[in-house]
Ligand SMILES: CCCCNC(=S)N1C[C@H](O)[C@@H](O)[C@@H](O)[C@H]1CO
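Only one chain comes next, encoded as structure tokens, the form predicted on its own.
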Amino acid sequence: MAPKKPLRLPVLLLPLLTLLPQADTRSFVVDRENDRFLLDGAPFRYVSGSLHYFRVPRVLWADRLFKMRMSGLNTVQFYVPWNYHEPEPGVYNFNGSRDLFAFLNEASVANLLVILRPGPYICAEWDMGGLPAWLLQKPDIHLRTSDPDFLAAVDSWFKVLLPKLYPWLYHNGGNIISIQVENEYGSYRACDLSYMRHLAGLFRALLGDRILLFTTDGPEGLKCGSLQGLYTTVDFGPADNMTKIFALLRKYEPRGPLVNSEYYTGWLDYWGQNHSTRSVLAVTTGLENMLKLGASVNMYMFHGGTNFGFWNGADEKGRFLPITTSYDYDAPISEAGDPTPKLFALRNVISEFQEIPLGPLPPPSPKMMFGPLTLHLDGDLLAFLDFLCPQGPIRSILPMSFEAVKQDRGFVLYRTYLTYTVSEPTQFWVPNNGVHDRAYVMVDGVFQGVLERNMKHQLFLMGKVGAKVDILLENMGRLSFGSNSSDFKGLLEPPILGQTVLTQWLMFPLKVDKLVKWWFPLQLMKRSRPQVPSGPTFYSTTFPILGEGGDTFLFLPGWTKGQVWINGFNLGRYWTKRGPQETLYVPRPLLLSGGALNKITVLELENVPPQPQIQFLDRPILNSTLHKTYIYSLSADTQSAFEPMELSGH
């Protein structure tokens, strides 16, 4: 719901505004002559932090925003992921956790101004950088260019979104002071300036001329990412040469305030890499140096949150690198919403330059630990196929991609039958790295092993004529940064067994979330349970929480890889055997307290420990990568070198 009256300004601005008779006219503008921003005519510098509403349960938004304000920030910056709000063409969702207008309202209650980044592409380590996967139903589409198909979809989306944002613009009584056009476009291979001009014109047509529009790029991307008429900003981290980068920025924006739109307080994690951290000293020193220059700064991230469900993105850096469920980011506010030493150090720096709110920061939230709990076998995934895909399979001579069968995320089961007997172990592989992203292979229901994009390319299979070959394909997250091409998912090439190309496929798009949330509680399945589970298998148990409970962290010792749901909510992926993340954050609001029964469901994709137990811990384990476990079950064709990670942008 749009604001009915002008929102409260941050407390630290009020002394300035009382001196200015013209301050009743709300405005946020660039004062190029004096290299600064003006808010209602008064000199203004924002010290901002990034928080993503789509990574935090709605019930916790107010808590996180309040902590940001109490840290000395006067602004919050956030993205709008297109694919989160338009799941199908022309179908829009702004309800519940997707109600970004409720988030804007919570920001106003916390006395935070807003810097909005609506894309259409956002990166954010989010699936496909926020672009909807249904765009790829046109396989030849050229994303982030003036391709008419792409522009038509963008125009349609923004004609819905931007008018809803119009009442929230600062000069209209809202709290949005500036809006970014696209995101780090200079890091994309296309360098299509007519595309950027089209977007700028669309934003102006729908939002008017008064709102400040800007671009953000890394230093190397300023050439293709900046556009005349949009204010140019840059992003860089504590280890970068601030003087050199701001000097480069001045070539594109000679006058006006210096702005670092993404100052990195930490970094993201990939499965199989070490947990990323940034030292407190490096982060605080860099911030202090920028504030001494009078620059405006947004800290990315100030609170990271969690990639719940299947929403994580991925990078391509020599190999496919999916991003972990945790988006803790080593940020000043932890994944569980707790103040860290980094937060207090940054607050001290900010207090040297501007007034910060009085009063202490809230203490860490209560945490709880309990268990171990023993999970019970529900049955292997194949036994639930009628419920996972009630509409039945799609038939095709050659396997079809996720996009072709209109499955955005999660899993698709591919099935065919052997037309001849294979009596000796025979090479089974998919040419052209055509497994996107992990394939769990079964013959007559017996698990044979895993094929993995860029990593493990072959298995050896046997089977009699008529044997059923099932391949469960997992989408591990679409590429989200930079010069990535369209990242189609599934079996992108027909598998080959020996010299035979396998054809005549049945494809089952699986609705796993619906099975767990709706059908499992009804206990529709009363079939006999396998004694020795093999391959993708469901486990579950129920448990009470006595008393009030608290935040907790799910630990699955000895489990391999899979997905977890609590009370029907998709908590995210675990990959205990690879790391670095060993626990999954469980926010307290997801749990029923006072003795009510909670249900946990686990889909283990590979191997279950001898004792199928889980525990809830009172602290996270995010940094447990062991290189020897990284190459667990991988063959000699695996690329296992651990090259240094280059930093991607956002």
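Just count from 1 along the sequence shown to find any residue number. Predicted, not measured: the structure shown is a model, and the values here were computed from it.
Only in words, not in the display: the form predicted together with the ligand, which the text now covers.
Figure legend: unbound chain with the ligand modelled from its position in the model of the complex by local C-alpha superposition. Site blocked, with three or more ligand atoms within 2.4 Å of backbone or C-beta atoms. The stretch from 272 to 280, 321 to 329, 391 to 399, 81 to 89 that comes within 4.5 Å of the ligand in the model of the complex, counting heavy atoms only, is 321 to 329. The listed set I122, V435, I333, V76 contains one residue whose heavy atoms approach the ligand in the model of the complex to within 4.5 Å, identified as I122. Out of the listed residues D378, D551, E184, D470, E184 is the one that sits within 4.5 Å of the ligand in the model of the complex by at least one heavy atom.
Proximity of F555 to the ligand in the model of the complex: non-hydrogen atoms within 4.5 Å are absent; the residue sits far from the partner.
Although the partner is absent here, K317 is a contact residue: one of its heavy atoms lies within 4.5 angstroms of the ligand in the model of the complex. Using a 4.5 angstroms limit between non-hydrogen atoms, L268 touches the ligand in the model of the complex. In the model of the complex, the ligand sits within 4.5 Å of a heavy atom belonging to E262.
Contact annotation for 279 to 301: a single residue, Y300, has a non-hydrogen atom within 4.5 angstroms of the ligand in the model of the complex.
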